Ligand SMILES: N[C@@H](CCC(=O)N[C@@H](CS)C(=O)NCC(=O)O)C(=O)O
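In the block that follows, a single chain appears as C-alpha cells, in the form predicted on its own.
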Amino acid sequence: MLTLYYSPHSCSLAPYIALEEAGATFTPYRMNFAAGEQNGDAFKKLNPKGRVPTLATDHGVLSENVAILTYIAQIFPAANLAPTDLFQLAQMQAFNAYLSSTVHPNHSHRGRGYRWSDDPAVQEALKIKVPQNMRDCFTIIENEYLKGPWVFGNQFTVADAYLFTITNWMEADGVDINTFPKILAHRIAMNARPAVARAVSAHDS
C-alpha cells in the first residue's frame, strides 16, 4: 500500500502525477500546513524533515522528489515512466536533481527566505533576484534539457511531471512563460493528459 503525503500547490504534485500516470492504487493524505501538521510528532516520525512529498510504502518511507519519482517509475515498469538505458536513466536523474537542488531553491527565496536568514531585511532582499534566477534556470531547461515534446523526446517520464510542477510557478516568480516556447508547449501538452488533469484536480483542490 502506498500513501502519498502532500500539500496543495507544492512540489508534491509531481509524484501525484506520476502515480496517476502509473495507474497506481494509493492513498493521498492532504497535510494541513496552515495548522502546522508537518511539525507534529506523528508526521515527524514519518519524515523528520517535516516536508512533502513523503511516500509511505510497504518497505518504509521515502522523501525527496528525486527518490520518490524514481521509485514510482521502477515499481510500475509497465507504465514506462523512466528510460531503461542506464545512461539515459542517469540523465533523467541529473535533470530531476537540477530541478530539486537549483530551480526549486531559487523559487523558494521568494516565499521562504526564513530558511536562509532570520533577518526580515535579508528575507526581502532574497526576493529581488528570484525572477532573474528563475529565468536563467528556464533558459537552460529550454535550450539544453527539453528535447520536446517531452523532456526526453518522445518518451514521457517522471521528469515531465516534475518539470510541469515547477513551471506552474513561473508567473508568480515573475517569469513570462511565453518567452519560452518549448516550455509553454510542454505545459499545454501536460494539461491535455487525463492523468495530469486528475492529479491537478485532486492535489490542488
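The first residue of the shown sequence is 1; numbering continues from there. Predicted, not measured: the structure shown is a model, and the values here were computed from it.
Below: the form predicted together with this ligand, not depicted.
Here is the short version: of C11, L19, I183, M190, the single residue with a heavy atom within 4.5 Å of this ligand in the predicted complex is C11.
Checking 129 to 137, 108 to 116, 73 to 81, 87 to 95 against this ligand in the predicted complex, the stretch whose residues place heavy atoms within 4.5 Å of it is 108 to 116. Using a 4.5 Å cutoff between non-hydrogen atoms, N65 counts as a contact of this ligand in the predicted complex. When this ligand is considered in the predicted complex, Y29 lies well away from it, no heavy atom lying within 4.5 Å. Put simply, S100 is close to this ligand in the predicted complex: some heavy atom of it is within 4.5 Å. Not displayed here, this ligand is approached by Q38 to within 4.5 Å at the level of heavy atoms in the predicted complex.
Against this ligand in the predicted complex, the set G23, W150 and F164 makes no contact: no member has a heavy atom within 4.5 Å. Residues F33, Q38, G50, R51, V52, P53 of 33 to 53 are found to place at least one heavy atom within 4.5 Å of this ligand in the predicted complex.
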